[in-house]
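Included below are structure tokens for two forms of one protein chain, each presented in isolation as structure 1 and structure 2.
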Structure 1
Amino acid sequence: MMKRFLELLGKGAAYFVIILFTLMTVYPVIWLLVNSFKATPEYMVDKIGLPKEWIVANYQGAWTLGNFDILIGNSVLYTIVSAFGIIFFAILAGFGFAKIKNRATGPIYGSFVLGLLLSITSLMVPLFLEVSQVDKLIGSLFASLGWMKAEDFHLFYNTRIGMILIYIGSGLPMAVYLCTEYIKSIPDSLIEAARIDGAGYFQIFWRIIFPMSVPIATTVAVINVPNIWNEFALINIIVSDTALKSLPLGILRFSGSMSTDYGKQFAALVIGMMPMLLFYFAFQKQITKGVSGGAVKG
């Protein structure tokens, strides 16, 4: 009887902790959503209750003032292309590190793993100097050939391709590490059988390694998609053209002159939050299977 009581007490305590953490997670989202429909005077008076009048115009104003039609498109482009690039190159590199051994494998793999120790903030200044200097160097070369002015050349600084390459590079260390450890668990006999049948390494990659790496690819996507979507620091210093900026930089506008208009500010935050919520809801099953599968295989 006492054992049964202790089991029920343990389950009750576990459910209490789960419910508590769920409320702590869900409440801020609900609070933000509710207050995004309030006028600023009403919010200043009552920060917790439901709005007396649900003001949808907050979203219309936030969308227009933030230029979200352009910025969301940029964020989608940066996120999708960068995530696919990280997944492809990480699995390709992981295949090489895990299954194609030579003397250079160890040092090169170590250089990728070393990237795990570097934070984004520590790379901001070096990346900015590197990007600007490379553009300046190539621009000077074209100027010497009479093709264009040196200051008119921009391949990496203030370009979409430059940001995508930076996002791919910054996401590769963790992705390469995960993919390498996952691909190590794929039996060597499959690769040896394919080699005996005359398949080259790229055929093995496309027909065996890449299809079998779907679980770890999902894990890498789960890690990188939110990071790229919400990234703020790098794009803020690498991109100066408003038409090339991403959604978080559009939301930043509401922290200045619009900081007192809480309705539009909260609406802008909801707009920035919704795509990631929809991403998790739409791919919930695939994310769960991919993460659990990657964890088991790795």
Structure 2
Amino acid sequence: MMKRFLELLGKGAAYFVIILFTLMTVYPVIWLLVNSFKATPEYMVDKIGLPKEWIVANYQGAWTLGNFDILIGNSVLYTIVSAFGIIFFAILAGFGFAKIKNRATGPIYGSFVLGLLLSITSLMVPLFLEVSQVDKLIGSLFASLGWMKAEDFHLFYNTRIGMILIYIGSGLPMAVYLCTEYIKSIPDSLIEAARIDGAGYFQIFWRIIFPMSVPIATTVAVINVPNIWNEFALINIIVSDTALKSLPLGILRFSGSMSTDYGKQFAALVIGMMPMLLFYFAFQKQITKGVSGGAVKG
């Protein structure tokens, strides 16, 4: 009798904990959504209730004010190109590390694994200085050839290609590690069979390794897409031109100069939140699998 009672009590406590956490997760997000349809004056006096009138104009206002068409376009570009870059270079390197004998594998692969522990945020100042010096060096080279003025040249600073190269680099340690360990499990006999048919390394890569790496490529993609989409610290210092900015930078502008226009600010936050929410609901299985593979960073 007593045991039954304790068990029931335990179950009740368990449900209490999990429901409390779920409410704490869901409520703020729904609150955000609801208030994005509220007029600013109404929000000032009532922050809890439903809007008396559902105002869609908040979204129209936020969209044009925030240049969201440009920002979302840029975010899509940065994310997709960087994710494909990470996947391609990681599988390429993974093939090298896993299947081709070379004495350099120990130190170089080791350095990638060590990179798993480094966060790019802590290196943002030296990274910024490095890429701006590279820009200056190449600029002076071109200037000495008479092609252009030295300060006009930028490979990294304020360029899309520079930002993408940095994103690819920052995603590589995790991706190279995952791909190498995965490709190790592809049987050598497959490669040997191709070899007998007279295939070269590049043909083996394209015909066998790359197609067989689709599962790990999916994992790498679902880990990196949210990371790059949400990235703030680096793009904040590398990019200054509005036409090149990404979504998080645009959202932050709303909390600065436009912070008193709550209706639009809420709408901007929802616009900022939606793409990744949809991505999550579309790829929830793959994302859960990716996270549980120990592939966490954040």
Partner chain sequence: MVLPLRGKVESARAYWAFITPAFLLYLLVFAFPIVLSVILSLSNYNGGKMFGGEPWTIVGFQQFQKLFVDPNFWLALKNNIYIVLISVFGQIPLGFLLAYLIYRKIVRWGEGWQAILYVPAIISVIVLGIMWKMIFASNGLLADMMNSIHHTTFLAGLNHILQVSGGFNITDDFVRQLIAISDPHAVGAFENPVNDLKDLIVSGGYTAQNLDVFRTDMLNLLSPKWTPEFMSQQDVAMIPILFVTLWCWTGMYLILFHANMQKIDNQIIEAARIDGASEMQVLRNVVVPNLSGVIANAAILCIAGSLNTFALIWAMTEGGPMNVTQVLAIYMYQKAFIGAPDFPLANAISLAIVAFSFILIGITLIIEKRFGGRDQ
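Worth saying up front: this structure is predicted, and the values here are computed from it rather than measured. Rigid core (definition): largest C-alpha set, two forms, superposition within 1.5 Å. Structure 1's sequence is the ruler for residue numbers, which start at 1.
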In this pair the form predicted in complex with the partner chain turns out to be structure 2
C-alpha of I48 off by 2 Å or more between structure 1 and structure 2 on rigid core: yes
Aligning on the rigid core, do we see the C-alpha of V29 shift 2 angstroms or more between structure 1 and structure 2? yes
Once the two forms are fitted on their core, CA shift of Y280 between structure 1 and structure 2 in Å: 3.0
Let me know the CA shift of K11 between structure 1 and structure 2 in Å, rounded to one decimal, core fitted. 9.0
